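Next up is one chain by itself, shown in structure tokens, the form predicted alone.
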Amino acid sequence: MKNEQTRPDLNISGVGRAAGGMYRHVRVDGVGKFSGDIDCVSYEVNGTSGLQGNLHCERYVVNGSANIQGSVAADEYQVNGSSKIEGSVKTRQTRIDGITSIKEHLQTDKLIVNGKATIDGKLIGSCVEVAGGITVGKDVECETIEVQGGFKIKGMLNAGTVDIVLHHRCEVEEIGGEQIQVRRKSKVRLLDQFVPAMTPRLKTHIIEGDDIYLEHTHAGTVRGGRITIGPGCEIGAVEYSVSYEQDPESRVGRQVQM
């Protein structure tokens, strides 16, 4: 970042307000409110902050609570507390250990969600890892996605590799990919016998890929080259071109070799 050393630091320890501008390090340990766009090296919130404008920085770290009225562009985006973004977020590395909500789109090379993330727009990334929970209002486009938590995707999930280990309910409109694998790690839990609605499973309308293995999946149509339907599935129709296997515990409406 140019002229980094000539920029002033902005630290708020109590309650304070400041205008937007160009800073080196912005740190809020109390309650800080900013009016106008901010361009800085780091934006760190340990207390509570509100920014009426856009933020451009190398590091965005929230350990407390932050509200950004505009969009965020950062190399590193890390939320351990609570973060609310009214616009879009574009980052290189994104890690959510707390709670974040983004009203528009998230574009990132790598996304790790151990907490809870809500994205009203699209999620576009290279590598997505979800161990917590994520809700996406539109499509998800990535190269790989690994899930060991839960998700709700209101659009299409399109990835080269999809690896889902069911721990919670997962729901998506459609899935498209080359390698698609859905497994359930644990056997039937005691809670599942009394509360079937809590049983981990994947619900979707269409799954389409080259190699598909499914467990505990409810889908209308599964279409692909090599398809294996494992236990716990309810599938309306399977359309395959190379091979097809089915667990006897699963129900499939019809199978067609294309």
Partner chain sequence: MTEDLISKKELLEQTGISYGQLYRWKRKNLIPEDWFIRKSSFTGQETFFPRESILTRIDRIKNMKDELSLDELADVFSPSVSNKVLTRVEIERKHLVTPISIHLFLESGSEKEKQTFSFEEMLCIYVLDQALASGQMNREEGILLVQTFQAYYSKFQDKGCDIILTRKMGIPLFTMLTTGSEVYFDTGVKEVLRLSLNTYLEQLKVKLSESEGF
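Keep in mind the model is a prediction, meaning the values are calculated, not measured. Positions refer to the first chain, counted from 1.
Absent from the display: the form predicted in complex with its partner chain. The rest refers to it.
Residue contact check for Pro200: none of its heavy atoms lie within 4.5 Å of its partner chain in the predicted complex. Taking non-hydrogen atoms only, Asn158 approaches its partner chain to within 4.5 angstroms in the predicted complex. Remark: Lys122 counts among the residues lining its partner chain in the predicted complex, judged by a heavy atom distance of 4.5 Å or less. Contact check for Glu239: a non-hydrogen atom falls within 4.5 Å of its partner chain in the predicted complex. By the 4.5 Å heavy atom rule, the three marked residues Gly115, Ala131 and Asp163 all fail to count as contacting its partner chain in the predicted complex. Shown without its partner, this chain lists Gly98, Gly150, Gly176, Gly137 as candidates; in the predicted complex, only Gly176 has a non-hydrogen atom within 4.5 angstroms of its partner chain. When its partner chain is considered in the predicted complex, only one residue from Gly224, Gly232, Gly64, Gly50 comes within 4.5 Å through any heavy atom, namely Gly224. Partner contacts here mean any heavy atom within 4.5 Å of its partner chain in the predicted complex, and among 139-147, 164-172, 69-77, 87-95 they occur only in 139-147.
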